[in-house]
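As a starting point, one isolated chain is supplied in structure tokens, in the form predicted on its own.
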Amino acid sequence: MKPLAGIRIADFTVHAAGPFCTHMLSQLGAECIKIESAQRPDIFRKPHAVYGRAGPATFDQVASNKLSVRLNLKHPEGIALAKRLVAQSDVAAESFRAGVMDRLGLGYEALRDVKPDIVMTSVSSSGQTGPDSHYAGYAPLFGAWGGLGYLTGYEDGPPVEMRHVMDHSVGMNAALATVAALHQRRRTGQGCHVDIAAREVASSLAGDALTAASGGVAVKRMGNADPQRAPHGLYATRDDDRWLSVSVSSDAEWAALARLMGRAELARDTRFAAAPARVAAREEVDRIVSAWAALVEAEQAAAALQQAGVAAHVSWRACDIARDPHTRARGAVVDVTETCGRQRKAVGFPAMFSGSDAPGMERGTPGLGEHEDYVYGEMLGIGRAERARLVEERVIY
């Protein structure tokens, strides 16, 4: 049995951050019912040129393993039906702009009336309260507003846009907070409203920079450098677009790297022998390592460095991760079935649990409204004649 077996989620989330939250929870065993409509389907069901695919962009990544029903939230009966669904759920998750669910009649207080111990998870740009709560936002804004964009990039270049890493980081934080709320409910019998602000997730990842800034230290972009380690960065190898990541954390590791480079004397050179000296001479250290790396094969160099006790690896492309036997064996990369029936790889749950079934996916990408017989028929007990009327009147639509 999976850790969240028996938990049901009414999933109103859209786009990436919110759906990634419920996607993670579904892999832990929660039954996740995705609510959308033919009039306003999740935008990720549509093709997107940025991803170079004719089919849906990343919908199968964040929606696989979910059930799907159509529901028109602009219709009063649609709202009533949504409340019936929430009444049989443990979690209601949404990722609209703050205030939207209240205006629909599906805010936390309204949902508590039909399910007193409901856990409601809201994911938004700036949270449900505060002077900026009305701001809309997408992944690049989260990283920029939270400070990560400013910290990312080279010292002589502009801040770098943070994209999907922000959506998925927000979603993972929201999943953790939801599990905490469910644990609290188990202890106290009380539900709660979980409020996730995406920009605050970004800022939480920049904690060291915030601490330094509060102490009067000027924080600036450093590229791949580290304030206490050198060499520390990515180095081009003889292989086309294959970069070697190297991080030396001690003088002993520097000596090992120097031997592998055929430059053992560098470990005795006073300019480089101690970490503070190497950091001060970072540019010269990078030139030395770059000259060596340009002549070596990436995978072989990484293996040799690891064998010598130096943290190093090839900077992997997505295709490297997809075909890696280690990630496949751990379920970190899994196969999912698209709505067209074609299989592709997607990200699994990044943790394993002793004493329970492994997290993972039990079904493929849902077609729009694919599971209405189960949800509306079996679960809510709505007869076929009544469902036909609801479809005819575009309540189920």
Partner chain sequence: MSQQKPLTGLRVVEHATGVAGAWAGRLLAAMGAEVVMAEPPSLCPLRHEAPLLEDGRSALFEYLAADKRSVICDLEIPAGRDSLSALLEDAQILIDDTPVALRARQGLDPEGIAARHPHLVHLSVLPFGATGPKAGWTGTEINLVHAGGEGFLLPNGLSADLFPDRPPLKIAGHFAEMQGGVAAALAGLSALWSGIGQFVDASVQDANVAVGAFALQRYGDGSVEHRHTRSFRYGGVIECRDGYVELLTLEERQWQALVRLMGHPGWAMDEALDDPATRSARGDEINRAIRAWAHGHDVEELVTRAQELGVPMARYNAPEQIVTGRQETARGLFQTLPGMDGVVVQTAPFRFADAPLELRRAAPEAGQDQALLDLEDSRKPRRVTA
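In this text, the rigid core denotes the largest set of C-alpha atoms whose superposition between the two forms falls within 1.5 Å. Model, not experiment: these values are computed from the prediction. Numbering follows the first chain given and starts at 1.
The same protein also has a form predicted in complex with its partner chain, omitted here; what follows describes it.
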Its partner chain in the model of the complex: within 4.5 Å of a heavy atom of each of Arg70, Met361 and Ala385?
no
Would you check, heavy atoms only and a 4.5 Å threshold, whether Val100 touches its partner chain in the model of the complex?
no
(request) Spell out, yes or no, whether the shortest heavy atom distance between Glu200 and its partner chain in the model of the complex is within 4.5 Å. (result) yes
Is there a heavy atom of Arg317 no more than 4.5 Å from a heavy atom of its partner chain in the model of the complex? yes
In the model of the complex, does Pro366 come within 4.5 Å of its partner chain, counting heavy atoms only?
no
Of the candidate stretches 80-88, 275-283, 167-175, 256-264, the one with residues having heavy atoms within 4.5 Å of its partner chain in the model of the complex is 167-175
Note: exactly one of Ile288, Ala144, Val114, Val296 sits with a heavy atom within 4.5 Å of its partner chain in the model of the complex, namely Ala144
Checked 239-253 against its partner chain in the model of the complex; residues with a heavy atom within 4.5 Å, sequence order, are Asp241, Trp243, Ser245, Val246, Ser247, Ser249
(Q) For a quick test of reading the superposition: does Glu338 move by 2 Å or more at the CA between the shown form and the other one, rigid core aligned? (A) yes
